[in-house]
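Shown below, as C-alpha cells, is a lone chain in the form predicted alone; questions about how it binds or moves come after it.
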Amino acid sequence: MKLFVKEKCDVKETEVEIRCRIRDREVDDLITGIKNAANTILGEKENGDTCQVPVVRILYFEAVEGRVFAYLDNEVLKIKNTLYEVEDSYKSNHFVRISKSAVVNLRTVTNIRPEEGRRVRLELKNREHLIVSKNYVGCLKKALGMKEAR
C-alpha cells in the first residue's frame, strides 16, 4: 500500500480518495478507520465548559451513580449518553463492554492479564487498570478475535 498526502491551499474541506484494484478487507478497514477518526462526542468538563473530543482519544466510559463519564488521558468529561448508547454507537470504534458499568477502548489497552475468579485485568496506556467482570470476558475475547461469534 502506498500513501500520498498533498496539501492544497484551495481545498475548503479535507478530502480522502482511496484507489484500489479491488475493495477488500484492508480497504474496508481503512474506510472504517477514517470514518472513526472523524467521530466526536460532546462532553462537559468539571468547570461546566462544554467541549467536543474525538472518540479515539477516550480511554473508557464509566457509569457512576446514574451518570456516564468519558475518561481521557488527563481529563474526565460528563456525557449525556447512556452506557447502552455508548456501547452501541462506538463498537465499530473498538469499544467493548467489560462490566455492567464500563466500556473500554481496546486501542488503549497495553496489557491483558487473567485474574482470580475468571476475571481479566486490563492495563491502559495511561497505566490505569480496569477489571473485566467474568460475565463480560466472552465479549472481550470475541472483540479481540479470540472467540468465535455465536
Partner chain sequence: MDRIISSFRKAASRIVWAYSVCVVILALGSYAIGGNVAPKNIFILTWMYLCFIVINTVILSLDGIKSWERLPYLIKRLVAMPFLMGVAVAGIMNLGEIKNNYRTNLAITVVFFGVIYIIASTVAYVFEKKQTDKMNDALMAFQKEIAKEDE
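Just so we're clear, the structure is a prediction, and the values are computed from it rather than from any experiment. Residue numbers count along the first chain shown, from 1.
The same protein also exists as the form predicted together with the partner chain; that form is not shown, yet it is the one meant from here on.
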{"query": "Among the candidates 106, 51, 34, 27, the residue which, in the model of the complex, approaches the partner chain to within 4.5 Å (heavy atoms)", "finding": "106"}
{"query": "Contact of residue 120 with the partner chain in the model of the complex (heavy atom, 4.5 Å)", "finding": "yes"}
{"query": "Exercise: residue 47 in contact with the partner chain in the model of the complex, heavy atom 4.5 Å", "finding": "no"}
{"query": "Contact label in the model of the complex: residue 42 to the partner chain, heavy atom within 4.5 Å", "finding": "no"}
{"query": "Distance check, residue 23 to the partner chain in the model of the complex, heavy atom within 4.5 Å", "finding": "yes"}
{"query": "Residues of stretch 67-94 in contact with the partner chain in the model of the complex (4.5 Å, non-hydrogen atom)", "finding": "94"}
{"query": "In the model of the complex, shift in Cα separation for residue 138 relative to residue 28, 3 Å or more", "finding": "farther"}
{"query": "Sense of the change in Cα distance from residue 27 to residue 105 in the model of the complex - at least 3 Å versus the shown form", "finding": "farther"}
